[in-house]
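In structure tokens, one chain follows: the form predicted alone.
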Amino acid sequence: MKQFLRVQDIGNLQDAIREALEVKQNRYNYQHLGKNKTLLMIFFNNSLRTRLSTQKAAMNLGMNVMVLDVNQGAWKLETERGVVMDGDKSEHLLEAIPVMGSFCDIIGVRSFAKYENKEDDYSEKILQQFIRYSGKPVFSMESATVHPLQAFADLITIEEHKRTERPKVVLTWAPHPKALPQAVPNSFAQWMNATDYDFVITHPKGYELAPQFARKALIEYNQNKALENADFVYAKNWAPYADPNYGKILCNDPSWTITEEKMALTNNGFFMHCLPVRRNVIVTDAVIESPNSLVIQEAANREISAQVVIKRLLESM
């Protein structure tokens, strides 16, 4: 494996899950792979779980870790070609990337959608420049359109807690005061579509995900109907994908908040969210604090998903 952006990069999902569960039981068995190797983690945006879990995963593998916050302590970076750099940006990404690559063996990149230009976001301009110019294996720590480490951790969590071989998994839109990126729901949909689960996406009209991510999922605009007999409920806000409303807020209907009444429609279902979560906006206190809430288990599994990915990248070097 030379890069990790999408579910296809991980190969056979059952093999990946088995490897993840084995790694979870033996986190320090592969330190020889990372000896004298360095991971560079580059953050264009804030992070808590991704930063801590990925750094811990690399340390489990015996790696050295360097962390660069581009917006704190580094030169401001220009990302566009052909720009006259007479403003506040002192360095171009095209020089910065190969320099970064010269100091490490693997690079993790985190960069969100700007919601200024859909073509720029969905071409993954920043992430693709790292892949093209760094000369090193690159993995996404969330990008403009995908968050595969989160989706992999979500899959591991579902596999650990499912009560039936083919659970019903529902991805539901939820209200939020800001227009959030589509990366988490995109990746969750992509990874769920790669399983044989009964997968349903529910959201208000106008919030359809990009077709390449929604694919074969059943789309249900009635949230209550979608939640009926669900085994897992994954709540997340995202902004519209389709023009002319890309990145805008169309709806903030509080009736889409996940409550005890909503969860009562499920098959004693588990609640999931990637965190951070706005309580009593996305989900009520009672639901997120209930015994069926898996948000902490999901977060803990971020270490495992990252470790499997970094391990495979090291094994391919």
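A residue's number is simply how far along the shown sequence it sits, counting from 1. Predicted, not measured: the structure shown is a model, and the values here were computed from it.
As for the form predicted in complex with a small molecule, it is not shown, yet the points below apply to it.
Of 42-50, 248-256, 22-30, 262-270, which is the one stretch near the small molecule in the model of the complex, taking non-hydrogen atoms within 4.5 angstroms as near? Careful reading of the contacts points to 42-50.
Within 4.5 Å, heavy atoms only: does C274 come near the small molecule in the model of the complex? Contact with the small molecule, yes.
Using a 4.5 angstroms cut-off on non-hydrogen atoms, would Q150 count as touching the small molecule in the model of the complex? Answer yes; at least one heavy atom of Q150 falls within 4.5 Å of the small molecule in the model of the complex.
Is R110 close to the small molecule in the model of the complex, meaning a heavy atom pair under 4.5 Å apart or at it? Result yes; R110 sits at the interface with the small molecule in the model of the complex.
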